[in-house]
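Consider the single chain below, provided in structure tokens and representing the form predicted alone.
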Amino acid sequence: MNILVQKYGGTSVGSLEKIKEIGNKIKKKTEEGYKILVVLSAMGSATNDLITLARGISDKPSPREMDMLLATGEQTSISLLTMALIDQGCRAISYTGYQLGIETTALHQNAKIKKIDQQKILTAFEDHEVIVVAGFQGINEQRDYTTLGRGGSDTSAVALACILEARCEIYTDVEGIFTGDPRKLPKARKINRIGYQEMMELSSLGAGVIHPRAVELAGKYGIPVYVASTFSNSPGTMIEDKEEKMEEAVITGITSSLEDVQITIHHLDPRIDHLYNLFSHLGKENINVDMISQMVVNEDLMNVSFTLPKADKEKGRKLIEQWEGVNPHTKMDFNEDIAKISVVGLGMRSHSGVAAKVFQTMAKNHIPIKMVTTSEISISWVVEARYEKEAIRRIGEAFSLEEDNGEMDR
């Protein structure tokens, strides 16, 4: 059986006209001999609209009931696309995550996929050319609806491709993966091929084209993922295993995020167990701390800065205030007006001086750096939000991430 998994995002199914156009595209693939499993997001702003409705009822809606509500967004899009396919003479059927048996962990609004009923899919393909599945959702052991959090439809699509050992195609409103966000780096080059490790790093640092959980899953099972535009015939980007070139490009891409807050705690006890207790305290509440910077003021005091998602700001504040390490002299500063800039590239493993070039470029253009962190293949730093686009443009120039024409074959 020649199975292909395709995923279409919310902008791709944002109107009835777009849904009909996708139906035409899918039908052509079935005529080439494919069985198509289609994963859909909710239409356009439907998920945000549902969240707004919930907030109109309660400031703190029940996570279980939020999942019950949010799961309805994808039910609308899958039923409409299936109707369009049937009207075009396609044998199609739609399934929710519940109906298809996508089993997840119990955590509402950020569940993880545990198991998918492969046999149900294969049986459905005996009588149908196309199966349309609601992304972003599943069921837990209590048979309650769960949702997978940000990027959940990407994760659904890749997970389904994994169990079917099929190629996965992600269709969105951009033409592939670029060396930078074209809205911030206007002449960014398209990347033809990129490895799982680099793509996961870019995604986790702010590139929003595909979610890092989906890339991690694809890499684990060796599933190629093709990212392209829904309504363009331009070639996209293939994410897959690849051999490293002897002279790998130093930097593959640059990304940025305005979704972090910098917290600085002044006048803490400098003992190392204090730091352990602080971050353990935050970690137990599922708050993802990113960059960390420590400065010892004197033998009795230290200052600690770190970043976490803006969405966790108030939760983080309350936890820190309740933390036993806080004393009457402790002061907290919260800075939301920051941008996290990151460069990623496998070539950093074998090329020295990348950090120096980053610092030199920022200094030359009078852009102060607040925090820095590194990994084997990335460097991230924090600047004031007003410098975001300038920093990206200058780094793009310094590392030749822009070209007038041509694409980048990684």
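None of the values given here were measured: they were computed from a predicted structure. For every residue, the number given is its place in the sequence shown, counted from 1.
Just so you know, the form predicted in complex with a small molecule exists too; it's not on screen, but the next bit is about it.
Note that among 97-105, 273-281, 308-316, 174-182, the stretch whose heavy atoms approach the small molecule to within 4.5 Å in the predicted bound form is 174-182. By the criterion of a heavy atom within 4.5 Å, I121 is excluded from the residues contacting the small molecule in the predicted bound form.
In the predicted bound form, the small molecule stays beyond 4.5 Å of every heavy atom belonging to G23.
Although the partner is absent here, G9 sits close enough that one of its heavy atoms falls within 4.5 Å of the small molecule in the predicted bound form. Residue contact with the small molecule in the predicted bound form: G222 places no heavy atom within 4.5 Å of it. Contact with the small molecule in the predicted bound form, defined as a heavy atom within 4.5 Å, holds for exactly one of V209, I320, L205, A249, namely V209.
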